[in-house]
Ligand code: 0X9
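Heads up, the chain below is alone and in the form predicted alone; it's given as structure tokens.
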Amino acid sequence: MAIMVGPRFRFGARARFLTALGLFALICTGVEPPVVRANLAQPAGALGSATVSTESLGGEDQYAVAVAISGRLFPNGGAPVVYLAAGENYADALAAGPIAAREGGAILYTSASTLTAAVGQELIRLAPARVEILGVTSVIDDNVLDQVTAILAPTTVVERLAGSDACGTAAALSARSFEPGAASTVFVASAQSPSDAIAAGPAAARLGSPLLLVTAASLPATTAAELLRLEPDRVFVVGSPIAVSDEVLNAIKLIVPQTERVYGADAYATAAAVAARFLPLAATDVAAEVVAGATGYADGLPAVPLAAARQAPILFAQPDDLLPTPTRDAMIAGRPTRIVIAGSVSEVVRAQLVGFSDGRLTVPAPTPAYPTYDSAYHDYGEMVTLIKATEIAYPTLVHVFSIGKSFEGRDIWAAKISSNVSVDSGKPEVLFDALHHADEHLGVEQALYMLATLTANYSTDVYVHRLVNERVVWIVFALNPDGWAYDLSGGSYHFWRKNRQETGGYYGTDINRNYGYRWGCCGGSSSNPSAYNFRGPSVWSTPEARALRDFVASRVVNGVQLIKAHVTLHTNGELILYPYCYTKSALPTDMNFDDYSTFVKLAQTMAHMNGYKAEQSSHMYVTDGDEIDWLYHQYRIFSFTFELYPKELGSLTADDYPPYSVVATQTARNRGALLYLIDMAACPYQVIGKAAQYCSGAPVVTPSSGLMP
């Protein structure tokens, strides 16, 4: 069995871990639119698995999470002992997990100065024989002790257990629970690394061991004295040399020579290492349980007695993105059959916990990753994991598929989002695509943002709920996966734009100059294979453009093109561009006035929402063989290019590779505009007051070659 807990801070994939140092109270040494909430229909069948079940023990904060865990441990009350820890400064309680487990008790949180009503009610329900207040009065005030005493039976022992600091409290807990020589093994972790101490808790409980605390740089006298008193045969130091220095480890070795370190590269890896060493999932004879949390490391501490009761390790999960690699690998290796989540994680993280456990998700083949300083961006493999996990999380809303293969054989992944997604309903459709150009990485993040928006908000946002019910949205996440891989190859950026198709000894065609309308007509592309905007040796010569072409053609049903609106996501410039791209004429002979007026009105409205500038695409520069020209000319789809953040900054690096720190703000910035276009797809002409003229019946289209006669 296993237990998982996660930090409240938002960590991303692989290198997104932020150390808890400095975020934990050390004692030993000193423009998105508002979301409309409503009771809406839930997507049915989420996380269905024949072999893995999930249970949530959550709450709005760590106090509520601890109460939920206590309720799970003692559904009928009757806890013999409750350890009461400070919810905002819980260092003094880090060592209490294995002691509470040893005594069959629970851990609850209190604020420093008063007992909350919910925690008081849980104490009354548990009716413990003893309550231990952990920490000195500056950590938990005597007022809390008095309140606990007042609400419980007169026979209840309510007392304070504290040392001069967190390390001293840990030593006092050990001395209270273990006679000299009674513990053959002792666990040690840093009070400055709460995740390590929490991960060590179930292991210590399983071996009947105390947990003592040190700091990163010193072995406190209280801890050394307790080690001398216990005289253990062995000490396990949990944490990296950064968390517990080699100097501290060597100082412990002077007292207990058989001392070894158990650790990983970060908090996630350390927890996985503890699990593999002391509580391997595959070795359990009962249904494995994993408790994951995201309110903060604080979720993990009250989960220790629960984990210990089930001989389960604690692992960590981040709240709203990809599982950390060590956690993922531990899930795959252990194959838990039951997952208990303490705290709150997104449905997509829940889906990953289940999907990696039951085999629906697998480790993606190695793909080039972003440079370390931009590692929070999703690379190709992480993108695939995320979209497939979203499908598992929302099976009635999302279907993931490939529209075809790139030149080098990579799948071009897409998702369909709609209520009752398995039904081809004939509802108005909208298409988004990203990453025509390999170095325009923000487009992938915008596409992933829209997937998350349309799924995670379906049950809470009235507007999103209606759109998903009334529309079909298609998202093609990365049209140019080969160029993307090359742009990231070797761990550095290459400013690579094209695909990786060879022509005349040169690599790459600009996919967005390879579409079948006005291809090569007007000086908006190059016939030179070495040029950045090489259009290819012939129209539709790139398999990526052909894959998009064939997918769009497949949406012609009974002569009607169901896709009514489209956005292709590019960078940069903060622009909303509309056709035509091949000419600077605002109203050439191949566009009628009503279509022109509709394009302008839609673009201006969206630009008002996100602060971009709306203009005809050729005003930026002329392009030919462009996707939006082809989509409009071929199918009369109202097709736009979004040139995402930033505006021109005068630096190629700044323009092409914005730091990940801007992603959340810049993708959310486009939420309203993109949702608006989905809404208008029912009849784009309504924005010029001509819905009755154009939309009383669906227009019939006859697909042609897409080339000018």
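Please read all numbers here as calculations on a predicted model, not as lab measurements. The first residue of the shown sequence is 1; numbering continues from there.
The form predicted together with N~2~-sulfamoyl-L-arginine exists for this protein as well; it is not shown, and the discussion that follows is about that form.
Novice: Which of these residues, Ile107, Cys581, Leu213, Ala267, gets a heavy atom within 4.5 Å of N~2~-sulfamoyl-L-arginine in the predicted complex?
Specialist: Comparing distances to N~2~-sulfamoyl-L-arginine in the predicted complex, the residue within 4.5 Å is Cys581.
Novice: Only one of Met609, Val622, Ala485, Leu207 has a non-hydrogen atom within 4.5 angstroms of N~2~-sulfamoyl-L-arginine in the predicted complex; which is it?
Specialist: Contact residue from the list: Val622.
Novice: Given that N~2~-sulfamoyl-L-arginine is not shown alongside this chain, does Asp626 nevertheless sit within 4.5 Å of it in the predicted complex, heavy atom to heavy atom?
Specialist: Asp626: yes, in contact with N~2~-sulfamoyl-L-arginine in the predicted complex.
Novice: Please check if Arg497 has a heavy atom lying within 4.5 Å of any heavy atom of N~2~-sulfamoyl-L-arginine in the predicted complex.
Specialist: Yes, contact at 4.5 Å.
Novice: Could you tell me if Thr641 has a non-hydrogen atom within 4.5 Å of N~2~-sulfamoyl-L-arginine in the predicted complex?
Specialist: Flag for Thr641 set to yes.
Novice: Does Arg513 make contact with N~2~-sulfamoyl-L-arginine in the predicted complex, using a 4.5 Å heavy atom cut-off?
Specialist: Yes, Arg513 is a contact residue.
Novice: Quick one: which of 128 to 136, 568 to 576, 475 to 483, 270 to 278 gets within 4.5 Å of N~2~-sulfamoyl-L-arginine in the predicted complex, going by heavy atoms?
Specialist: Result of the contact check: 568 to 576.
Novice: For a quick test of understanding: in the predicted complex, does each of Gln62, Glu347 and Arg350 have a heavy atom within 4.5 Å of N~2~-sulfamoyl-L-arginine?
Specialist: No, the whole trio is out of contact, none within 4.5 Å by any heavy atom.
Novice: For 402 to 441: residues with a non-hydrogen atom within 4.5 angstroms of N~2~-sulfamoyl-L-arginine in the predicted complex?
Specialist: His437, Glu440, in sequence order.
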